[in-house]
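First, one chain by itself in structure tokens, the form predicted alone.
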């Protein structure tokens, strides 16, 4: 009987709930009364879940933060490498443009070492006689101008003397008026000295110096330096003229070896020049 009455009551309540709004208001009132009971019943479970999520989330954030920090360091390192590659690419493009201006056969070489002797300016490059057709006194350039010449050739490497070496001299001329002189090294990376210019010579600060083609080494027209100082003293026979090399002698890592179109003539000219130097006192 009890079961029968409960079933009838349940059916009646469902019918009223479906047909009218009376039960809905009763249910809303009951839900307000029952909510604190539900909250208290669910509180332990919610607390456990919140605690678990909090610690798990913190641990996950720490791991993610550590991972992101590591990735950030890797990306920074890669960015530095890409910056270097970009700069190297730009420099190589400048070298190629320089070779187009020269219009001759060219070969890009890389510096292996620099002479640390303060009184010498020499470098070693990674090209030699084994696989490369190098020759003594071959011009050495970078993207901006003349760097020096080859002085010693070995099977895998070669040694070049820079134009700032005190033992190096280079016949040059002023591009503005064709005035010829000799540029010698001073031992400083950014200074050349021009010899045998009288006090009344037509030369001024800012003049561009190029190779004159004399001296059995460099063809004419290669950029060499820019005049930075012109000092005249009537008590001295010659003016003190200094110039800054056009090439980046202290920065370039890649250099350009050039075979002028008349290389064979240069080699033939080097023989009498060498003999003359040997006979000179």
Partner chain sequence: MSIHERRRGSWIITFSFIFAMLLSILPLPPNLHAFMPSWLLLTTIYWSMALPHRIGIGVAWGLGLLLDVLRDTLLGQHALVMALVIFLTLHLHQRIRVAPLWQQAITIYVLCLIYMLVIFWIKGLQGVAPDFWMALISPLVSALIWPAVFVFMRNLRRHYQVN
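C-alpha atoms forming the largest set that superposes within 1.5 Å between two forms make up the rigid core. Residue numbers count along the first chain shown, from 1. Everything quoted here is computed from the prediction, not taken from an experiment.
Not on display, but discussed next: the form predicted together with its partner chain.
Residue heavy atoms within 4.5 Å of its partner chain in the predicted bound form occur in exactly one stretch of 138-146, 154-162, 198-206, 173-181, and that stretch is 154-162.
None of 88, 132, 115, 94 but one reaches within 4.5 angstroms of its partner chain in the predicted bound form through a heavy atom, and that residue is 115. Among heavy atoms of residue 38, some come within 4.5 Å of its partner chain in the predicted bound form.
Taking non-hydrogen atoms only, residue 120 approaches its partner chain to within 4.5 angstroms in the predicted bound form. Not displayed here, its partner chain is kept clear of residue 48 by more than 4.5 Å at the level of heavy atoms in the predicted bound form. Among residues of the shown chain, residue 34 is one whose heavy atoms approach its partner chain to within 4.5 Å in the predicted bound form. Scanning 161-187 for heavy atoms within 4.5 Å of its partner chain in the predicted bound form gives just one residue, 167. Annotation for residue 45: C-alpha shift of 2 angstroms or more between this form and the one not shown, rigid core superposed. An increase of at least 3 Å in the separation of the C-alpha atoms of residue 120 and residue 114 is found in the predicted bound form, compared with the displayed form. The gap between the Cα atoms of residue 116 and residue 154 is smaller in the predicted bound form, by no less than 3 Å, than in this form.
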